[in-house]
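Starting off, we have a lone chain in the form predicted on its own, written out as structure tokens.
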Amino acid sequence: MRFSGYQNNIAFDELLARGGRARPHTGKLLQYLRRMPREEVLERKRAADLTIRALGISFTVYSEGENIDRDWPYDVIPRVIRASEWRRIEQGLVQRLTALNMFINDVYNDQRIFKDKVIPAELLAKSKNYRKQCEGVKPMYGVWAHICGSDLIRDKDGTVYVLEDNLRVPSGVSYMLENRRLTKRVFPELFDNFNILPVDDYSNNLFNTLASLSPRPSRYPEIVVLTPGIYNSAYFEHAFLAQRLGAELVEGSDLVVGDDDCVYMKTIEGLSRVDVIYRRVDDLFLDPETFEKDSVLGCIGLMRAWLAGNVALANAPGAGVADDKVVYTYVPQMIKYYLGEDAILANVPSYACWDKLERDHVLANLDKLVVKPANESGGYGMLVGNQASSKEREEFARRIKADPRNYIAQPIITLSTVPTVCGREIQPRHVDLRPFSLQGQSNYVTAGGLTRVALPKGSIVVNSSQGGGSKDTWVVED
């Protein structure tokens, strides 16, 4: 398929260097694609789309009060990353999650980082994800966020930045695994010619991480995946992971807490004790006894059982205190404070609107910045300044002035691109990357992650809820 009309003069392209030349680690893939007739590429794309529909790989978009179930958007051309570069990224992700977990543990116990004035204590006072009920808790290994999905981007000069950390109920790993399975079906011959690091070991590592948290040491602890139910946008993933883990997929009504403060699962044979809950339900809906009284998604007494040490929750309630875009701006300081190291991976330069000087700069430059609420996800509630109308910018200025603690701003980064099948042509589309890190008794990082693609031309919003797609991500030995 021809790349002669492929033009990308403003961004770092992951496959092609300037002048249309292959990057050192992408030459074989580019040569293969150039030799393949256009119709064959398009036919393989159609075959992948049919497979997605047949397998029921889907996600839900909430639109105009309706839940719309859509086929997962997948592009057949993989993204390729050098293994030598990835090893440094992997080290940076382990370093980052270690510091974040030390921060969460500190927040709910000694609060040394605030007493030493490394981070302003005022940030905690207005944190929407701080849970007073977690004060004094010290979970196993000092780990609160066992599963983390950090979003990475590459700027036009090739620098990799961390855009944000997702520490509450990070999603997307099932699509990473399905993308690899689809690519093996669509291009099986490529896996004979490339030394591609596997991602299939994620499920085993997730099981081992969860099993290491069990309050009853056992080779086969009872692990369940707690889902809000079939109408949740990530329900496909919940069911997928439960199957991969050999765990039961349960809703809150399937669980009960006994008089002994242990959690039990209702089965046709009676009650069965649960050791570990991989929860995909937000904190406030976990336990109506402790949080939202009207919640029907959780289980009465769940927090009581967790506080008694009779069940493990992953991720732990309260971990979201570090899943805050304002707190994110201080992660390099956390790494230095807790680990005595410089951050391996840099943050995107950010402005915290709660600081008057930085707020004034943001308000004066809204047309040049991306403004994000501190606790939203999925690409909702943010402003891309150069694509917004003057009316939208004025509205955001009012929101920032009304609640400055709730907003940060960042320069508009020119995200890297990857060749993508668009109609009958191959065109550059902007991408980010969400690797998944596990922390418990040991650490694990996926080899690559979920590459998300901004499918509309010129867009930098990659979220599937905003029209984004995805690709398989290859980490290849040099």
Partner chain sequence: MLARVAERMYWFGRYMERAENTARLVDVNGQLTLDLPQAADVVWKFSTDVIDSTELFVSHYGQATERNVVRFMLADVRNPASLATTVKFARENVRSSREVLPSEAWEIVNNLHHFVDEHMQQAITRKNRPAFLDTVIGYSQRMVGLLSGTMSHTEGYRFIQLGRNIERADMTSRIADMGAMELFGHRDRLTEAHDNILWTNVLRAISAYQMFRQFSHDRIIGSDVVDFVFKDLWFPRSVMRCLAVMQQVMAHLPRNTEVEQEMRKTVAQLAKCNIETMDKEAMHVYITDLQLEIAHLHDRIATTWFSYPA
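Because the structure is predicted, anything quoted here is derived from the model rather than measured. Residue numbers count along the first chain shown, from 1.
One more form of this protein, predicted together with its partner chain, exists but is not displayed; see below.
**Q** In the predicted bound form, do 54, 230 and 269 all reach within 4.5 Å of its partner chain through at least one heavy atom apiece?
**A** Contact check passed for all of 54, 230 and 269.
**Q** Using a 4.5 angstroms cut-off on non-hydrogen atoms, would residue 331 count as touching its partner chain in the predicted bound form?
**A** Residue 331 lies outside the contact set for its partner chain.
**Q** Mark residue 308 yes when one of its heavy atoms lies within 4.5 Å of a heavy atom of its partner chain in the predicted bound form, and no otherwise.
**A** Output for residue 308 is no: heavy atoms all beyond 4.5 Å of its partner chain.
**Q** If we define contact as a non-hydrogen atom of the residue within 4.5 angstroms of the partner, is residue 236 a contact of its partner chain in the predicted bound form?
**A** Output for residue 236 is yes: heavy atoms within 4.5 Å of its partner chain.
**Q** Does any heavy atom of residue 265 come within 4.5 Å of a heavy atom of its partner chain in the predicted bound form?
**A** Yes, residue 265 lies within 4.5 Å of its partner chain in the predicted bound form.
**Q** Given that its partner chain is left out here, which of 249, 344, 197, 137 has a heavy atom within 4.5 Å of it in the predicted bound form?
**A** So the residue touching its partner chain in the predicted bound form, by this definition, is 249.
**Q** Which of these residues, 205, 111, 375, 243, gets a heavy atom within 4.5 Å of its partner chain in the predicted bound form?
**A** The residue from 205, 111, 375, 243 that makes the contact is 243.
**Q** Determine which one of 361-369, 269-277, 168-176, 314-322 lies within 4.5 Å of its partner chain in the predicted bound form, judging by heavy atom distances; exactly one does.
**A** Careful reading of the contacts points to 269-277.
**Q** Even though the chain is shown alone, can you say which residues of 176-211 have a heavy atom within 4.5 Å of its partner chain in the predicted bound form?
**A** Going through 176-211 in order - heavy atoms within 4.5 Å of its partner chain in the predicted bound form - there are no hits.
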